[in-house]
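A lone chain, given as structure tokens: the form predicted on its own.
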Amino acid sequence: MGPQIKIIISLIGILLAFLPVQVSSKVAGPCVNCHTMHNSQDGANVSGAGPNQYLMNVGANICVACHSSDVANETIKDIGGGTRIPIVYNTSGYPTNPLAGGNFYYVSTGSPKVDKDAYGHNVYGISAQDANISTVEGAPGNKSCGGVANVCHRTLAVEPQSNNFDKGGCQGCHVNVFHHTDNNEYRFLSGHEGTNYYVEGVEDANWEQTPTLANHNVYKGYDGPVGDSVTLETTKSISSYCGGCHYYFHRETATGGPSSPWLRHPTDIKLPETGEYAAYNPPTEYNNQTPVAYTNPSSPTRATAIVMCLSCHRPHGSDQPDMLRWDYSTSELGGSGGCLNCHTTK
């Protein structure tokens, strides 16, 4: 093999390493890792609380039971046979390297935080109802859904109900969890309006346990006005999904606008390539503190970089108030990190 061919092959290898690869969210491994046929094995109960729904080998609140760990810094649990479980709730402390969505630790225990409710989503089985607010911030409270007015998207802290309006707990967001298939949904994030309401994206095989330029989640973004006529069905963007509950925090609303001066920080809008934003090039300088989305997650480019809700927040919880990815109180003009990653010349 000639030296030119070796160089070409090496270059191809380098390029492939930086291309996002679609990773399946579905479960792998033996059925026994999750299910028990009769809740009995060798004369003993498999689950002391069983038998359980769906023949699961864990008891009530299946999502929380499976995706929790009492082992410090265990963010991926390997239970054998190729079955790996992402941990989103560590009961012994906030992990050093939380997964992409963050961790529910602080919103559950609070210690040593003063106001634990500010550190994550209040989810049934993990945390009680938020003591500060009675319903979702920015919720479409004056809108109707399914012919019922003023009931949509109120809280995740209630026990799941049979209707879609009070679908609390983890499945309030991860609506259609079918671990045997992906259903084309990124992280099982979908709406209840129909089969075309779901989020698209490219998933890191390790759920961003150790994110790098070559290995990290790539989210779907959208550039354009959003509102009642532009929905998750048409955009498939992560910010449109967040806007299903936090409606009035989204880009184009009755209290916002399509252009500067902004009343709320915009989302689903391109990260400008000029001015104070020019120095941040996410596709080649990935920064897990301020990630962006792309209009085409499979082919991210600087020209298609999109500001999203997750550019600033972790959806489960973080070690900062308001589920932020960094300490907002220390962001100063002329400094670095946080806000200044995008607003580089402030």
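Numbering starts at 1 and runs along the sequence shown. Given the structure is predicted, the values throughout are model-derived calculations rather than measurements.
The next section is about a form of this same protein that is not shown, the form predicted together with a small molecule.
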query	finding
One residue of Thr235, Asn90, Ser108, Thr155 in contact with the small molecule, assessed in the predicted complex (non-hydrogen atom, 4.5 angstroms)	Thr155
Touches the small molecule in the predicted complex: Lys26 (any heavy atom, 4.5 Å)	yes
is_contact(Ser318, the small molecule) in the predicted complex, heavy atom dist at most 4.5 Å	no
Exercise: Asp130 in contact with the small molecule in the predicted complex, heavy atom 4.5 Å	yes
Residue contact check: Thr290 to the small molecule in the predicted complex, 4.5 Å heavy atom	yes
